[in-house]
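One chain comes next, on its own, written out as structure tokens in the form predicted alone.
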Amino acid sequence: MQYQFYMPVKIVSGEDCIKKHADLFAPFGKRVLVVTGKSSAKNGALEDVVHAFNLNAQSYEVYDSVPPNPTVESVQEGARIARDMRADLIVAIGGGSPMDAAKAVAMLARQGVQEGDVFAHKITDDVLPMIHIPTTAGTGSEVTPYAILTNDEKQTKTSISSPALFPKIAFLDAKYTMSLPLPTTVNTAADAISHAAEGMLSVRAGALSDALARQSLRVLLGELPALLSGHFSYESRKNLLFGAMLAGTVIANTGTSPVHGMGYCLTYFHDVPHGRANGLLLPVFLEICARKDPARTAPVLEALGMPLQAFSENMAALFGRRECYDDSTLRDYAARSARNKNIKNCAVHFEEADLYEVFSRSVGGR
């Protein structure tokens, strides 16, 4: 058995884990830039972090102007603030957007990069250390080396990636997710489910990443009753956060598949939330994988814990009325997706015609 696995993030979990382990912030320095969204002041995460800063006599500034899909301009602005305050540490609080933005800010604060060169820049190890605190259960960005930014030149979302972008510590406290609206909860859970399933179909998948993916799917899909009903206990919230983190450790090693590349079209051109875009496309994608390579896809379908038809029906129930786009639009998206690097990362080969089938059966019909 041969495999590789790398995940250097220290994970600290549990209720009030930040207050209980405030000392973990101290070794990184005295000046902290917090990269977050507006909701962190409402869910208690920012308050807990400030409590830790006060105990450690750390000064801080808050940058909370990251848009839902981070732009190059927004992360350059965050990096300017970090440089001006001579930040020693970046603390990210939020969902995928603030966490991804924080990684770019941590890199750009130390590495001079012109705005137009961000995606081509070869990232060095000179990156500000980061602590990440997820307040949604989906992206797994707290344990990955990826930052996904809006790429207006190519009209899509593009990742920057380097082992240097792994956070040093991730704090997982489900209490920050208790007030999440149902659509956000469903969308982020679908993102995590997609991460685990896509990771198992990656050319870089291995025995360890597959084991984590199977556990992630078991935990996440075990919360289908809560996701469908909209009623979440604290245990459900903990499970979703745990499952999303597991799925993040999977894609940290495997990357993602055509589903993510295709979903970027829906997000960039139509503002479809990232997780919803993935969830809309995933069932048909898996069906085509099973048709093209049954043996390679079988372990993924087994990990779902239900027949593919039942999985498709459950996903449809979660998302309700689907988006629909005209045929010429979907053919254009298939052509764009065929050029995405995610295509080559999938063990099941997808032609442009296969991508068009996924689009047309998932979001076609107008």
Ligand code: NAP
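What you see is a predicted model, and the numbers here were worked out from it, not measured in a lab. So that there is no doubt, residue numbering starts at 1 and follows the sequence shown.
Beyond what is shown, the protein has a form predicted in complex with the ligand; the following relates to that form.
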Looking at the partner-bound form in the predicted bound form, is Lys238 within 4.5 Å of the ligand by any heavy atom? no
State yes or no: in the predicted bound form, is some non-hydrogen atom of Glu198 no more than 4.5 angstroms from a non-hydrogen atom of the ligand? no
Verify the contact flag for Lys38: yes if a non-hydrogen atom of it lies within 4.5 Å of a non-hydrogen atom of the ligand in the predicted bound form, no if not. yes
When the contact criterion is heavy atoms within 4.5 Å, does Asn69 count as touching the ligand in the predicted bound form? yes
Heavy atom within 4.5 Å of the ligand in the predicted bound form - residue from Ser257, Thr139, Ser216, Ser194: Thr139
Can you pick the one in Leu180, Leu108, Leu227, Leu172 that has a heavy atom within 4.5 Å of the ligand in the predicted bound form? Leu180
Of the candidate stretches 76 to 84, 120 to 128, 95 to 103, 203 to 211, the one with residues having heavy atoms within 4.5 Å of the ligand in the predicted bound form is 95 to 103
